[in-house]
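Presented below, as structure tokens, is a lone chain in the form predicted alone.
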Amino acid sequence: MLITDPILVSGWGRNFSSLSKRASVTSIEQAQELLAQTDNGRGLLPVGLHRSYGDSALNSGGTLVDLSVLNGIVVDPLARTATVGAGTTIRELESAALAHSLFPPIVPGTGFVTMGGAIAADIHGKSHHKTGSFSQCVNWMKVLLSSGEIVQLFPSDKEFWATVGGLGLTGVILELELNLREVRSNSADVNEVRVKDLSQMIELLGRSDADYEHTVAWIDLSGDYRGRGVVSLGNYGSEPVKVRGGGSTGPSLPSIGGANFITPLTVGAFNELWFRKPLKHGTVALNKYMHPLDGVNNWNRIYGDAGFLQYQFVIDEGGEEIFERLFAGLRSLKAASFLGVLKKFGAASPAPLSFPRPGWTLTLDYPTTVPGLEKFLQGFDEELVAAGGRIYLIKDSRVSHSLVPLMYPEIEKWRSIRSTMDPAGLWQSDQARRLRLC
């Protein structure tokens, strides 16, 4: 087991960093050994590939438990299940499953999420209105507790649901079994529709849920901010397609010398081109459709050294007027975003800290250098909570701790279960301390 001296680590947003040791474990036994060696008051935090945007996977002064080597995959084609290690990525699972004409029923916008991270964040995808979040396909998981005990948890266990969406703060997820679904090929049949404003976008997404397994919209957050955009509707395809390079990611961004290229002018030009680009109607590679964020490696560098924040929230159907207030504020700040994504959620999971629930979810990316952005978002946070909405904690790096119990009213239930799983308070993170989760 390799344990490094303190190293500088950042989230995917690169908006701040922290110093921590990193322990790379290659077996379950090594993970248990690490528990016995830990006497630092800053504790341990299990991590994957650091695709969470803020401080969920940071532990200043503590130790990060790197589980990426625990990436075994066993597919049972008859049972349509896969048993996977916590370090297995979505992309690796997809590849193994497709060899048997199977596919994970819930995948996010990037394939570089580990199984442990998928549970800790209870990730969702374009299919949420049909399939729910990731936990809905998990049959069981094995978790290493701070006592050194390994427990197998099932959906009938309250500890299972405390770990789902639990941000790595209940224990180390080691292994899990999940259900797969049958697919006829490695393709998706996609239909894109250009819409002129937000009301048209919402109407189209709402009436498409019954006919399409995957629905999502890119929304233009620049110019007059009226919410024009492109709605993408998809189903699993029947015709196989050739995938260049075995489905690997696209090119990497070159070093940009710390500069931020995201300005109202550049975003406006990009968004105009994106809105006018030829629409897709037909068969595309499944991995390309599912993981648009992987088209360019390290795309987060484009925001420069100051980094960016991702802001994702959900609001009930009927509360759409809050979008107009958000757009008006962003327009007054001249805060333009080239990543605006609108999606309709389906049923919630039983997990106290799981983010998705019925309603509309909007995701935005912004450079941290936008003047007045933080002050505006602080005010909008309070409007959002007053309207019954909530923020996705795995994306967050800035919300006030006082709002968390209002957004997640079952947090005391989660704290109670967590305290029985980790009475010594071994599992810690910068976010947990900032939001006073534990």
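Keep in mind that this is a model prediction, so the values were computed, not measured. Numbering starts at 1 and follows the sequence shown.
Keep in mind that the form predicted in complex with a small molecule is missing from the display, and what follows is about it.
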### Query
in the predicted bound form, does each residue in the set F16, Y311 and R398 place a non-hydrogen atom within 4.5 angstroms of the small molecule?
no
### Query
Which of these stretches, 324-332, 271-279, 151-159, 164-172, has heavy atoms within 4.5 Å of the small molecule in the predicted bound form?
164-172
### in the predicted bound form, the residue from V47, A31, L384, L377 that sits within 4.5 Å of the small molecule by heavy atoms
V47
### Heavy atom within 4.5 Å of the small molecule in the predicted bound form - residue from P108, G359, P352, G132
P108
### Message
Using a 4.5 angstroms cut-off on non-hydrogen atoms, would H124 count as touching the small molecule in the predicted bound form?
### Response
yes
### Message
At 4.5 Å between heavy atoms, is A217 in contact with the small molecule in the predicted bound form?
### Response
no
### Query
S56 near the small molecule in the predicted bound form, any heavy atom under 4.5 Å?
yes
### Query
Would V84 show up as a contact with the small molecule in the predicted bound form if we use heavy atoms at 4.5 Å?
no
